[in-house]
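Next comes just one chain, in structure tokens: the form predicted on its own.
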């Protein structure tokens, strides 16, 4: 196992260089655009991609916390991969702090009369509460991961440098495993609760507040359901790619692909239901300050075209395709479907934010800047996940008995 783990680490080195290069390229484009006379577009692309890629990591880690909390033993190899996205948490936190530098470009309400909403919408309070919320969410997630790694590494051994240091520390300071398992469950539950609360807060503060005179009490739930949707999609993509590769021992059974595919399909329905639940209440109430937001994004040109693309790509097409049971067991097909859905949700983020930044646009203001910054953020996320597996390569080994032992902890 140690030899195979070392081989895996060597194979990951070229990937790490590629991902760092993508991150550097995205950063250079962002800095160049911000410094060359269009800082608003650069920072708005930054906000879009921060929300999207952070949601992917948050939603993927939720899978492992949820599976452990409900004692779902079938999820073993999938949970191992889901936990790798926690490596992006510290990066996401730093990226959020950097967002403060572009505050004048991503908060259009700074120059508006808020009609009494200044108590909630002021920069120190907004950044302070969101920073505390993200620290709690990421803290609970990393604490859960620490306890999960204890049982994983104790069962399988450690081949990576950081994993060996952790095992040496635990050998020198033995822990009560029963107590540790109980604490892991507590941290898993706390992560689930913080996920719902913090993502709701972030949705209200960083997305809904870009149009401060519009509100929806369901927007918070819509935000975290969307994060689960794309987080599960990213998990399926990464698990499928690892499963299809012959450079590691990672394998997922057909029934496990089917089960996680059913979860992905379920959140396709939940996402659409939450969108409809918001839309129908606003349409039925027909109150101008509520309907203007929806009309601009779904019925007025040029945004209506983008809205239909998103609706078809994120709901209609996946719904019709994933009704077929066989599709959910085909890794290559699921990679294509999940990537299409994730692209659609990225566009949905732009649809929610764009009209607030581009009033009276005659065409969709989406171009190479947003794409280049997205490539940079992807590079950061991919580098973080790859670095995680370099530190813990044993998690990519196919050891069914060990996985059952970990899940039974």
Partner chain sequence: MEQTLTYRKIDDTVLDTLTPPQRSYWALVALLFAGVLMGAGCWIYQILVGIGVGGQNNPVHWGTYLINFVFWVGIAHSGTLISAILHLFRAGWRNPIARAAETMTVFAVCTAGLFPFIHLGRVWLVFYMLPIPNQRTLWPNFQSPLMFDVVAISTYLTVSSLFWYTGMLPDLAIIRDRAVGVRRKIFTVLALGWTGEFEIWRHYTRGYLFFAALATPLVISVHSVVSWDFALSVVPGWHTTIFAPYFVAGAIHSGLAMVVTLMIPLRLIFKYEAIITDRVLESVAKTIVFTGLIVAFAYATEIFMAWYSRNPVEMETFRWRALGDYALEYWIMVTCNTIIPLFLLFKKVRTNIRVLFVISLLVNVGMWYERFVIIIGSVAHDFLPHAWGLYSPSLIEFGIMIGSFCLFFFLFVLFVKHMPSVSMTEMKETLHEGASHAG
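Numbering follows the first chain given and starts at 1. Quick caveat, the model's predicted, so the values are computed rather than measured.
Below, we turn to the form predicted in complex with its partner chain, even though it does not appear here.
Interface residue remark: residue 145 is not counted as part of the site for its partner chain in the predicted bound form, having no heavy atom within 4.5 Å.
In the predicted bound form, residue 299 stays away from its partner chain, with no heavy atom inside 4.5 Å. When contacts are judged by a 4.5 Å heavy atom cut-off, residue 253 does not count as touching its partner chain in the predicted bound form. Within 4.5 Å of some heavy atom of its partner chain in the predicted bound form lies at least one heavy atom of residue 218. Contact annotation: its partner chain lies within 4.5 Å of heavy atoms from the stretch 268-276 in the predicted bound form, the single such stretch among 91-99, 231-239, 174-182, 268-276. Candidate site formed by 293, 352 and 371: none of these residues places a non-hydrogen atom within 4.5 angstroms of its partner chain in the predicted bound form. 119 is the sole member of 123, 320, 119, 312 with a non-hydrogen atom lying within 4.5 angstroms of its partner chain in the predicted bound form. A single residue from the set 303, 204, 150, 257 has any heavy atom within 4.5 angstroms of its partner chain in the predicted bound form; that residue is 204.
Using a 4.5 Å cut-off on any heavy atom, the residues of 191-216 that reach its partner chain in the predicted bound form are, in sequence order, 193, 196, 197, 200, 204, 208, 209, 212, 214, 215, 216.
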